[in-house]
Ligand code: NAP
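Just one chain follows, in the form predicted alone, and it is written as structure tokens.
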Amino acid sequence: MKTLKSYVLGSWQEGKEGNLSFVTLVDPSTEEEIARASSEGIDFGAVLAHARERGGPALRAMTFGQRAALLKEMSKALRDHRDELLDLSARNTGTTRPDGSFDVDGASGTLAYYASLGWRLGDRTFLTEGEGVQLAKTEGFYGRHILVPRPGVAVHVNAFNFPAWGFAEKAACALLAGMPVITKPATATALVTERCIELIVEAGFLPDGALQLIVGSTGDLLDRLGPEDVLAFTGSADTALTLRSRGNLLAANTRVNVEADSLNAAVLAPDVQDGSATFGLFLKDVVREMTQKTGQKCTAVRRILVPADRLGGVQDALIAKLSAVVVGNPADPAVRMGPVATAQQLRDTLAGIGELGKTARIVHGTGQRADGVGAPAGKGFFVQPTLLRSDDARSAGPVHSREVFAPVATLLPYDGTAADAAEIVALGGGTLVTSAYTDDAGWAGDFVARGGGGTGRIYLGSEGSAADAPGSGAALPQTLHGGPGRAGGGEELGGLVGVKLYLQRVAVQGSKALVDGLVGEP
């Protein structure tokens, strides 16, 4: 069984036997033990100092274009070993090949996008923001906002579901901004992340201290963060609250960005007719967002809003498509959906379905553990796609408060108006993405106006987008990934939006001639 190592202080370090026991990683399809991980023995104070004293100065001395070159090489390192990473993904996370590519290709693609963005920023070392403003009667006193790299460390704590993309999308923004990165993947799926970092380190292009990896516990790392550092976290809202409440982070006003779970919704507008291209897109998207990566996506659809008089017909159409999904070991070519990633995830899934069942009834699936095709009987963390239905959306209780991080969603009725749909979606307390399917621009405009304040992204599915739309679950680097309220209140990706998390906004004041000269404008 492989022992995973952390990459810190310029070398690979294996955890020691000690108070922090090794965590065992298993194949979720067979429950075979495949690796173990621990961070016991790591001096986290030294890890931070290495990033601050070596990685930070080296990155800040570079231009955006030079940092872009690093990202391009990182992307290439992952892309050149794509097949290997997909195999590891299947073994460590239970993904089918298409689902694994969503993670692995998302990682290399996001790095490549931010490399191209950095090339366009060119030989600058800081950014200007907005227009300058005269602050006195003459141009003798003038102001301008600029964005400069923060002289701290970016610590990234990532979730289990995207061990490649989760690491890469945060690291791309921080490294382009000029901040060194300490990345901490979820231990259960760290096999994939460790190999990603190993490939990058072996290529030898990153400055010493620019990128470090922790497998296992973070120990006292987070207690050592200060005012110039950034902590970015992806995971549950409960864990996010615990992290945000740490005394040193509050005292130092350490910048914290959170992308948490959310009860994303898909809304079918009343103008969409059965058999239309838009209806077909709605069915395809909802089924994909329920089952891709076994529903283990923060952007997955959890609530499906349908005009009340069409609830039965939509239910039948969804069940017909969900019934065709073959669940099992991704090593079997017939399988279209793998297991959930861990035994704990399976327990949480079954408990969550039971909680949803207090106000909704199962119309497809069993709500129980299942055997998987191509897997030993009684082994593996399998569950069938599960569709529930509640006939009273406003009294559905747990449907709007309990996210089941699995292939589980609930059908809900609404009266067909954009106002009613937006009010029901809002019961979830904030989403990463809300999707609406309509060809009626007026209805769409009303829905966006009423519901836009409660989400980070609105995906509009229509006949015009049916051929190109990637689905609401695709968090593309060009647009915002984050959302208000329950979704964490954070902002990642979105081009420069994600980079600005790691930059400090500074108001520069002085004579216009001096300020213009400083920012490089005539």
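This structure is a prediction, so every number in the text was calculated from the model and none was measured. The numbering used is simple: start at 1 and walk along the sequence shown.
There is also a form predicted together with the named molecule; it is not shown, and the following applies to it.
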If we take heavy atoms and a 4.5 Å cut-off, which stretch out of 234-242, 445-453, 308-316, 407-415 is in contact with the named molecule in the model of the complex?
234-242
Single option in Phe279, Phe126, Tyr142, Phe160 placed near the named molecule in the model of the complex, where near means a heavy atom within 4.5 Å
Phe160
Just one of Ala77, Leu222, Leu350, Leu387 has a heavy atom within 4.5 angstroms of the named molecule in the model of the complex, so which one?
Leu222
Is Arg67 close enough to touch the named molecule in the model of the complex, meaning at least one heavy atom pair within 4.5 Å?
no
May I ask you to check whether Pro185 falls inside a 4.5 Å heavy atom distance of the named molecule in the model of the complex?
yes
Is it the case that Thr218, even though its partner is missing from this view, gets within 4.5 Å of the named molecule in the model of the complex, heavy atoms only?
yes
With the partner left out here, check for me: in the model of the complex, does some heavy atom of Glu403 sit within 4.5 Å of the named molecule?
yes
Quick one: name the residues from 408-432 with any non-hydrogen atom within 4.5 angstroms of the named molecule in the model of the complex.
Leu432
